[in-house]
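Structure 1 and structure 2 below are two forms of the same protein chain, each written out on its own as structure tokens.
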Structure 1
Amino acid sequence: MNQLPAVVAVLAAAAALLGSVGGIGGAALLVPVLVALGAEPTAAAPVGLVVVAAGSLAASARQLDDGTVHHRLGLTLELAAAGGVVAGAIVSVDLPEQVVAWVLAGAAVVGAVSALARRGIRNQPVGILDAEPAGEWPGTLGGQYRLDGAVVPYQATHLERGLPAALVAGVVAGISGVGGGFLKTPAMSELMRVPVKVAAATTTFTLGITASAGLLVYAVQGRVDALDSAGALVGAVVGGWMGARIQSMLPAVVIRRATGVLLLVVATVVVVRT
């Protein structure tokens, strides 16, 4: 790429911050920006996955403390996503840039519509649980999280819908280097009826696995540039750390709307570039 490492670091920090807040992964914003600035998609994709992995690592500690990460649900979906990202990364070098761009833009629009269409809060607080700590219920796909000082229980449903969505997210991530969070978070929230705060935090937590699987393939293909990756890594750690703290303070409705707006921005940038 033609960008200086310092420029990549600043862009990565901003992208990781916004991506951690919305649970979409910073690469969904960074990769289109890098391509718009003149980078080749094949060069921008590995940098994007570095940002995803680093942002996930930086944000996870705070989200784990908040009890908004559901390990069982996240790792179940990750089985499908990791397989998809490997397949997508293998075929990515043979796909035309326009195909990659339209796949990315279309997926972003679908995610944005899903996030913005719904109104209100689906899961309501249950007063009897207010003294209980937030977290997942062991051995289940349910749990509880804190919302405005109250405890809200939830139960993930329709796993048969979530797994194919995670597979598609993985394939898109491998092809374009965007991590797939912009698909996984809306899929968890809208298809599996998981509260958006839990969906965003769980997605951010597991995106590191998705990104690592894709980066292994990119490394074998000789597409990982050490200098660009180093700048992206530093910026993403800072941005992910800050984004996780901002996310914990925002209402669920604000997070959902912010996610939808960010996805529309991604789609617009990609379409304009194409």
Structure 2
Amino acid sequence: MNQLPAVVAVLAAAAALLGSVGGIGGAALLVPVLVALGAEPTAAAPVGLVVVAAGSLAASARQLDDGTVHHRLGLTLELAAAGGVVAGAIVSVDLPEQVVAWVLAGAAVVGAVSALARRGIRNQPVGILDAEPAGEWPGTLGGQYRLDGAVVPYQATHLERGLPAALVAGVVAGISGVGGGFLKTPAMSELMRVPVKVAAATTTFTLGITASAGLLVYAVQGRVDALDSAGALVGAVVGGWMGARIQSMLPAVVIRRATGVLLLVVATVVVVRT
């Protein structure tokens, strides 16, 4: 990485802020920006996964306390996603930079479409779930959550559709360093009929595992710069924290659209540069 850790921290904070408000995650924005600024895709990828892991860890306590995470569903899908991220990370060092850049640009475009197409805020403020019954049913991929004061039971279906989507998200994460949450959450909610709130929380839980697996492989490959990673880590936590607070103050639709357009621009720059 050519970037100084402090610069990475600032970029990561901005990306996490926009990403959290835009609902696409910070890495989906940070990694393409780093590449557009001149970083090699293989060097930017570990920084991206640090941002993903930091975001997952920062949200983990809150979401576990809410009871919205479906651990059984998350780990079932993570069987595929972990395999994908490990495979992606291993092969990414042998892939031409252009291929990695194209995967990254493709991920940025998908993230842009996800941000532009979304109609509601996926991660709602935490307070509304306080003292509500929510949980998963042991031995099943079903559970229940609270919506507007009512208990809503749900049952995940079509696991055969969710597993390939998780595998693809994992491979993309391993190759490019973006988390792939913008693939996992829609796959869970649209293909597997899981409520969006549960899908988003479960995705955040699984992204931590995906990112950890990818980062460990990167570390073994000697691709992790500790100080740049520290900068990204601080920026991701601070930016995510700020994003959660300004989410209620700014028009989310405008920010999502701006983030989507920015991602399209960045994807174009990444493609043009390679």
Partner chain sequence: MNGDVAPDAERGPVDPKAGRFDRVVTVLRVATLLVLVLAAVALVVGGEVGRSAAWVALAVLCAVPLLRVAWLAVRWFRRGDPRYGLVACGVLAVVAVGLTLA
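For the two forms, the rigid core is made up of the largest set of C-alpha atoms that agree within 1.5 Å on superposition. Residue indices: 1-based, along structure 1. None of these values were measured; they are calculated from a predicted model.
A.B. asks: Form predicted in complex with the partner chain, is that 1 or 2?
C.D. replies: That would be structure 2, which is the form predicted in complex with the partner chain.
A.B. asks: Given a core-based superposition, decide whether the C-alpha of L79 shifts by 2 Å or more between the two structures.
C.D. replies: Shift at L79: below 2 Å after core fit.
A.B. asks: Is L191 one of the residues whose C-alpha moves 2 Å or more between the two structures after the core fit?
C.D. replies: No; L191 is a residue whose C-alpha shifts by less than 2 Å between the two structures when the cores are overlaid.
A.B. asks: State yes or no: after fitting on the rigid core, is the Cα displacement of E97 between the two structures at least 2 Å?
C.D. replies: Comparing the forms between the two structures, which are aligned on their rigid core, E97 does shift its C-alpha by 2 Å or more.
A.B. asks: Can you give me the Cα shift for V266 between the two structures? Core-superposed, in angstrom, one decimal please.
C.D. replies: Core-aligned C-alpha shift comes out at 7.6 Å.
A.B. asks: Core-aligned, what does the C-alpha of L11 shift between the two structures, expressed in angstrom?
C.D. replies: Here L11 registers a C-alpha shift of 3.4 Å.
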